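Quick heads-up: it's one chain on its own, the form predicted alone, in structure tokens.
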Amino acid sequence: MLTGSVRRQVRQAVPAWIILVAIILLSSLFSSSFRTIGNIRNFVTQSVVLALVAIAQANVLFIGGIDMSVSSVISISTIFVALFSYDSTLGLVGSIALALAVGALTGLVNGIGVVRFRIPAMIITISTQAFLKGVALILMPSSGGRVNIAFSSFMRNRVGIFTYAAIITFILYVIFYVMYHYTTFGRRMYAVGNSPLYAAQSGVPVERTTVITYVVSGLVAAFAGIVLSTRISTGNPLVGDSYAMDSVAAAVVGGVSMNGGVGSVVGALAGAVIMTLINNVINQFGISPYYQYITKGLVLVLSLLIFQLRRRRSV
């Protein structure tokens, strides 16, 4: 049974899950094509990558940071898998290890930039984002390469409506849920997000916690890129561009505070599904895809307003 602070953090996700259920019910009511098995399978597949990146973004939001470099980490990860997993000396394992290493190194640079050089998180992560984007474009100016066929097929295999990639993503959510709410490291993250000063005074290693958090974010973003490569079967230097803002929106829609210390990955999952669902519904109803940006913006603003109103009432 959830008690204390865990219950309070998870409760932040309730509005997002209510919105998600409402969207699904209304869409099913007004669109027969929405509730088809084919569309549901497609929707689940499309949700996986953003759900993974939402973990990475929520991770740093919990400590009051932000990570815009996730987009370029995703892109360059697809390139490494496409270049080296099919026919090279590195092979599948080597290409995955390389992608994860670059993600971890990016997180390490971001974390050190924040804690040692006092660079604002937005600035340092945009800088690493730009650097990696340049490297990605040099390695692969346009979409290309080839992903290991056996690996791609494995990740696309299904159990009912869920691909293996979706099942792995769900398992990761369970792992991170336990880590955030029931481990010392998770409690330290929330403490840093609520107040770095008070956390330090309480004996929390603020700098180390911050650096590790960014490294974890980079690792998860790299894994998201690896999963994405199996879906598109190629590498692409620009494929991750939309995920930076979408992941922030997903986390915030799910009740994760941009000020730090509030929220749960339970909400990040709901937010990721909502953001993907918006695209799916717009396509199902034949609405211009340009309205996706307007709708996402409105949902994000509304979520921020609701969160601020709830925060004022609790003060």
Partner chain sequence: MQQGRVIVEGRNLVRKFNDNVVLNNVSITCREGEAIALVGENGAGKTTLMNIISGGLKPTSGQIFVDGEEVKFSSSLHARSLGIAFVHQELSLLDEMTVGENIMMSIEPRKGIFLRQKEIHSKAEVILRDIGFDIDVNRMAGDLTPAERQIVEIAKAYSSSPRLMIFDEPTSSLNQAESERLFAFISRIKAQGVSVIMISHRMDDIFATCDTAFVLKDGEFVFSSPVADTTSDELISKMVGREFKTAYPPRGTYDSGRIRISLRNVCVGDAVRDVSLDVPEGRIIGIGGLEGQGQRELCRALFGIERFSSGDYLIDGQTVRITSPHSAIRQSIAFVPDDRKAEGLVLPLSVEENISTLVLDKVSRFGVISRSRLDDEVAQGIQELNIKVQDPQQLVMYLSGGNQQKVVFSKWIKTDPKILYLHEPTRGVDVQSKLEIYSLVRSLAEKGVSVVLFTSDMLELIGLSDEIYVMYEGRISGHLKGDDATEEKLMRFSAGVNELDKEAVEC
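Residue numbers count along the first chain shown, from 1. None of the values given here were measured: they were computed from a predicted structure.
Below: the form predicted in complex with its partner chain, not depicted.
Candidate from R158, R187, R231, R146 lying within 4.5 Å of its partner chain in the predicted complex - any heavy atom: Going through each option in turn, the one that passes is R187.
Contact assignment for its partner chain in the predicted complex, among S88, S142, S153, S202, heavy atom within 4.5 Å: Only one listed residue qualifies here, and that residue is S202.
Its partner chain contact at L100 in the predicted complex, heavy atom, 4.5 Å: Output for L100 is no: heavy atoms all beyond 4.5 Å of its partner chain.
In the predicted complex, M122 touching its partner chain (heavy atom, 4.5 Å): M122 lies outside the contact set for its partner chain.
Exercise: V178 in contact with its partner chain in the predicted complex, heavy atom 4.5 Å: V178: yes, in contact with its partner chain in the predicted complex.
Residue contact check: Y198 to its partner chain in the predicted complex, 4.5 Å heavy atom: Taking the distances in the predicted complex, the answer for Y198 is yes, it comes within 4.5 Å of its partner chain.
Segment that reaches its partner chain in the predicted complex - one of 188-196, 240-248, 207-215, 73-81, heavy atoms within 4.5 Å: Only one stretch passes the 4.5 Å heavy-atom test: 188-196.
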